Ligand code: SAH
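Just one chain follows, in the form predicted on its own, and it is written as structure tokens.
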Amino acid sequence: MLASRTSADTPDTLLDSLKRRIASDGPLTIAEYMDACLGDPVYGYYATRDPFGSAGDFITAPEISQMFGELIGLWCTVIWQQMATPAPVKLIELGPGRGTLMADALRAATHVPEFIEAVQVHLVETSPVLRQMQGERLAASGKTPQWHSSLMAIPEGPAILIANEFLDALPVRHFEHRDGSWFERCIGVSDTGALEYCTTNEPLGDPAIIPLPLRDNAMDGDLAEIRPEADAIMERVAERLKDASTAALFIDYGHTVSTPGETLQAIQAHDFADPLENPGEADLTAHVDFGRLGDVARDKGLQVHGPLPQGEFLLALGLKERCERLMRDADDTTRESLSSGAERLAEPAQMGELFKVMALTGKNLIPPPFTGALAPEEHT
């Protein structure tokens, strides 16, 4: 059920609300703006709609092909066996969308019944619309998920964490380098009443929050894009490892080396849009800096595996073999759908290169396929 307005003073649109907020408190940081656009309980993008699929604004890998979630499920069973088969084990997904990935993963994992028996499903999701869809999608699995508003709310214990296209939606902050200092980029209101970019008058007090590779030899005009909430997730995963075996798999689009520049973008109806137009009506994302994530994870004592290009990761797990197996008994239409889905997931010109996969574990775990591919006969 969607959130409802509570008083006659509620602004008609999120844009009205943001303008009032800026008039009262001053310009918003990029992070504050993203947080409002995506998470506002009345007008926020994820709080008010199902954004996925051809009728939405974008399509994620689990919606493209069942094989994506199936291979992730297989990955989970292998890493669970490396963890010495703890029971119970929490299977956590951050930003589970419609629940498609989790449903496909659990179905594939039924080939390891001991794993299914041990699993407790935990979903980190704030959208009431998507929570309802996830519950419906997972009903056939026999597992009743527990929902949480944040990773911090999930109890301790052995865990396997999956995050597909989750980090890209976490808010970013922008800092511009000028005259030897960093100034935060913000969003204000122009003389015409439109939202516009601006910068703070005072320089950043603690430049250490900007990754060292971006600070070194910074030139005037350079822009640093950082994602503090992603750093916090790395810290939380490391904390879980202190008391129990934990493995995490992050899949997202991004780059492997921290470089200057901004990547903030808006997607609406499967096309790019202006991030400052129609707030709350488009998905806002930014590329994931896997180089930064790896550095933070290592500093917290985690073992970092990858990143690998998504195509290489899926092919090593057996995407080709799984596709051939499904096509054996399929009709022509289904065969074409399976083939095109596999190509979209793995081809470098599509999702195969831009999307990256990184695993985080303790010292005693070696997740596939970072040290070798799974045997094809494990795919049924």
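Here the structure is a predicted model, which is why all the values come from computation and not from measurement. The first residue of the sequence shown is number 1, and the count goes up from there.
A second form of this protein, the form predicted in complex with S-adenosyl-L-homocysteine (SAH), is not displayed here; the remarks below concern that form.
**Q** T60, T126 and L130: each with a heavy atom within 4.5 Å of S-adenosyl-L-homocysteine (SAH) in the predicted complex?
**A** All of them do, each having a heavy atom within 4.5 Å of the partner.
**Q** Answer with yes or no whether E225 is in contact with S-adenosyl-L-homocysteine (SAH) in the predicted complex, where contact means some heavy atom within 4.5 Å.
**A** The answer is no: E225 has no heavy atom within 4.5 Å of S-adenosyl-L-homocysteine (SAH).
**Q** Taking S-adenosyl-L-homocysteine (SAH) as it sits in the predicted complex, is P158 near enough to touch it, meaning that at least one heavy atom pair lies within 4.5 angstroms?
**A** No, P158 stays farther than 4.5 Å from S-adenosyl-L-homocysteine (SAH) in the predicted complex.
**Q** Quick one: is G95 in contact with S-adenosyl-L-homocysteine (SAH) in the predicted complex, heavy atoms, 4.5 Å cut-off?
**A** Yes - in the predicted complex, heavy atoms of G95 and S-adenosyl-L-homocysteine (SAH) come within 4.5 Å of each other.
**Q** Is F115 a contact residue for S-adenosyl-L-homocysteine (SAH) in the predicted complex, using a 4.5 Å heavy atom cut-off?
**A** No.
**Q** Taking 4.5 angstroms as the heavy atom distance cut-off, pick the stretch from 194-202, 257-265, 242-250, 169-177 that is near S-adenosyl-L-homocysteine (SAH) in the predicted complex.
**A** Looking at the other structure, the answer is 169-177.
**Q** Go through D231, E165, E281, D104 and name the one with a heavy atom inside 4.5 Å of S-adenosyl-L-homocysteine (SAH) in the predicted complex.
**A** Exactly one listed residue reaches within 4.5 Å, namely E165.
**Q** To verify the annotation, which of these, S190, N217, T144, S149, has a non-hydrogen atom within 4.5 Å of S-adenosyl-L-homocysteine (SAH) in the predicted complex?
**A** Flagged contact: S149.
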